[in-house]
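One chain comes next, on its own, written out as structure tokens in the form predicted alone.
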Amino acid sequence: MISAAIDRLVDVETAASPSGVSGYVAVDRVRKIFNPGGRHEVEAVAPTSFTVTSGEFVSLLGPSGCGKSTLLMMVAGLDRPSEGTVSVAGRPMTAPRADNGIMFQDPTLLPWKSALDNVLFPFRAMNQPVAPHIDRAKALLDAVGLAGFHNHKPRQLSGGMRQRVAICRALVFEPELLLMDEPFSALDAITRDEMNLVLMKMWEEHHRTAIFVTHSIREAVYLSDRVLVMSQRPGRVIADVKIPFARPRSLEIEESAEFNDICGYLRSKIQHRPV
């Protein structure tokens, strides 16, 4: 039997996304076409709209190749929509901004620098003084369980430890918006669970607006306030699902019937094929 939680879920299939959407992050009728007008034109993202409120954790969930990462890159200002607009804090995203923190699947650490220097690298990249931020960088590393590893090079760290450094690097300059593109997908299941706990702890402490791309249903439900489900390519948001669990959360919540009912509901949305 489907639990009562399903009755509280909100579906954009039954309520069309409005034009002129507003929110801290506002994606308004955004469409992305690669090689437009060319022989191999590909529509990666169909016209779609959604918003994210300040301080909210939202996941983009969907099958591989559905345009999740493309949509995230447009929110980050690293790619431009073919149609529609993306705005953050009321300003159009036409280029990357210093107040956005970004994490990728690969932690992209500089191999010749220590964990601490990698965390501090954004300040050097922006030609800002590093010294005022050293204590904060060390505190972040300690908070994610890397006390004693400040001077280790990436090759001396495990995959999970390298991603912990990447989390600290994304948070060190206190970004208002944290964007994550499947940052844990290359990790084994046990390490991935550990990283979800680390991310949850850091997000609850700093409470930044966050958009998290994943193809893991359970990860999306565990981490998020809302889950946006995307269709097969060309991707568009087909469901907007509120996650009812209170915070803080432990991994034990994944064993509950309500959690599994929501996962089943999301899976049915992902597997749906329009006739």
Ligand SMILES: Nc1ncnc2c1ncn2[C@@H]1O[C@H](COP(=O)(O)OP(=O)(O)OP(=O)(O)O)[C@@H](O)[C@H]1O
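What you see is a predicted model, and the numbers here were worked out from it, not measured in a lab. The numbering used is simple: start at 1 and walk along the sequence shown.
If you look for the form predicted together with the ligand, you will not find it shown, but the lines that follow are about it.
Taking 96, 128 and 130 as the candidate spot, are all three within 4.5 angstroms of the ligand in the model of the complex by heavy atoms? No, none of the three is in contact.
Using a 4.5 Å heavy atom cut-off, indicate which stretch of 239-247, 35-43, 204-212, 220-228 touches the ligand in the model of the complex. Selected stretch: 35-43.
Within 4.5 Å, heavy atoms only: does residue 47 come near the ligand in the model of the complex? Because no heavy atom of residue 47 falls inside 4.5 Å of the ligand in the model of the complex, the answer is no.
Contact label in the model of the complex: residue 194 to the ligand, heavy atom within 4.5 Å: Judged by the heavy-atom cut-off of 4.5 Å, residue 194 is well away from the ligand in the model of the complex.
I'd like to know if residue 51 sits close to the ligand in the model of the complex, meaning any non-hydrogen atom pair within 4.5 angstroms. Looking in the model of the complex, residue contacts with the ligand do not include residue 51, since no heavy atom lies within 4.5 Å.
Taking 4.5 angstroms as the cut-off for heavy atoms, does residue 69 touch the ligand in the model of the complex? Residue 69: yes, in contact with the ligand in the model of the complex.
Contacts with the ligand in the model of the complex, stretch 43-66 (heavy atom within 4.5 Å): Residues within 4.5 Å: 44, 63, 64, 65, 66.
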